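Have a look below at one chain only, the form predicted on its own, in structure tokens format.
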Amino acid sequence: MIKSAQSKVEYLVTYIVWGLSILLLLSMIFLIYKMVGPGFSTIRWDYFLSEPLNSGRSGGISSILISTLLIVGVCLFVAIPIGLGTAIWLTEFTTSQSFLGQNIRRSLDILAGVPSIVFGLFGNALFCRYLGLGFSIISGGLTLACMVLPILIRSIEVGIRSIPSEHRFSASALGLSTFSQLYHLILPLAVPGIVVGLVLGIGRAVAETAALVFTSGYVDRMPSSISDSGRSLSVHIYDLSMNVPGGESNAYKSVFVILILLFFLNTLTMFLADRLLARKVMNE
């Protein structure tokens, strides 16, 4: 009787989990269809190659795409080395009971939940005004780096901590230095955690709007450098849907483009991580 009751409970839980998973999948499909459908049916190749005209009602998004990629590039260029170094320090050079380490982790968890508009005001005050960078791509990228770092650090830290301690003990017994352990053993094994952090970071950077309004600006022309102002895709979508009468059609097209861009960047990240890991394994 007890086993029969336990089996019924297990079956019930299994059905509930499957039902919720299917419901989530259907909701995602419906959401993507409602967002992508209107844009996919009207988009043409010249939309990617021409610049916006008439406040974005016509023309394309070539300058918007370039600005978005530059902003994300600045963000990742700054966030990856800082995030990776901080995560390594938290896992390999501090203990879980360390006062400094505990407070840094607590601070990262708090920062991960701070609204993006607060980061935007912070970036505007620090990068745009105090450092004199103005409304520019570099200001937007540095602000996004501040937003991405908490998620990136914690994801990489979890990935490194998931490596069994026996691996470290074995490496130490073989006489490997700390640097050799990190380079040859720990970081290759932590690649899944690093990829998760990068995917989450890229997703937040590409889709961010509020922070970039206060830092990179609204200008939709082609940027001449990273010190020039630039409009990201997310800001472009917001402006077309909220401030530009008759801009809904191009807003839907931009939604389709930003989803494709997210898919491409995430796929590229995972592909490069797999290639680097495979090459390192072959070399060793």
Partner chain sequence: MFNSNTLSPQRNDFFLLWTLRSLSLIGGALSLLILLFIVFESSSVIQEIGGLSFFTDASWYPKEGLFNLVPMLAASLLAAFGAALLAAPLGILVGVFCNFYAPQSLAWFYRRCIDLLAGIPSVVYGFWGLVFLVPWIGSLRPPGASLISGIIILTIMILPTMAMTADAIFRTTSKSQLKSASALGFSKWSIIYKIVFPAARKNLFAGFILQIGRALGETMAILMVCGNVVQLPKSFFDPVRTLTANMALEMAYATGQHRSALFVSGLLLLILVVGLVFIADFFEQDLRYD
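Positions refer to the first chain, counted from 1. Just so we're on the same page, rigid core means the largest C-alpha set that superposes within 1.5 Å between forms. These numbers come from a predicted model, not from an experiment.
Missing here is the form predicted in complex with its partner chain; even so, the following discussion is about that form.
- Heavy atoms within 4.5 Å of its partner chain in the model of the complex map, among the stretches 23 to 31, 62 to 70, 48 to 56, 220 to 228, onto 23 to 31 alone.
- Of the listed positions (191, 133, 207, 163), a single one reaches within 4.5 angstroms of its partner chain by any non-hydrogen atom in the model of the complex, namely 207.
- In the model of the complex, every residue of the candidate spot (117, 238 and 255) has a heavy atom lying within 4.5 Å of its partner chain.
- Although the partner is absent here, residue 74 is not a contact residue: none of its heavy atoms lies within 4.5 angstroms of its partner chain in the model of the complex.
- Taking non-hydrogen atoms only, residue 93 approaches its partner chain to within 4.5 angstroms in the model of the complex.
- Within 4.5 Å of some heavy atom of its partner chain in the model of the complex lies at least one heavy atom of residue 184.
- In the model of the complex, its partner chain sits beyond 4.5 Å of every heavy atom of residue 43.
- Annotation for 68 to 96: interface residues with its partner chain in the model of the complex are 81, 82, 85, 86, 88, 89, 93 [heavy atom within 4.5 Å].
- Here residue 27 counts as shifted, since its C-alpha moves by at least 2 Å between this form and the one not shown after the core is aligned.
- After superposition on the rigid core, the Cα of residue 65 moves by less than 2 Å between this form and the one not shown.
- After superposition on the rigid core, displacement of the C-alpha of residue 259 between this form and the one not shown amounts to 2 Å or more.
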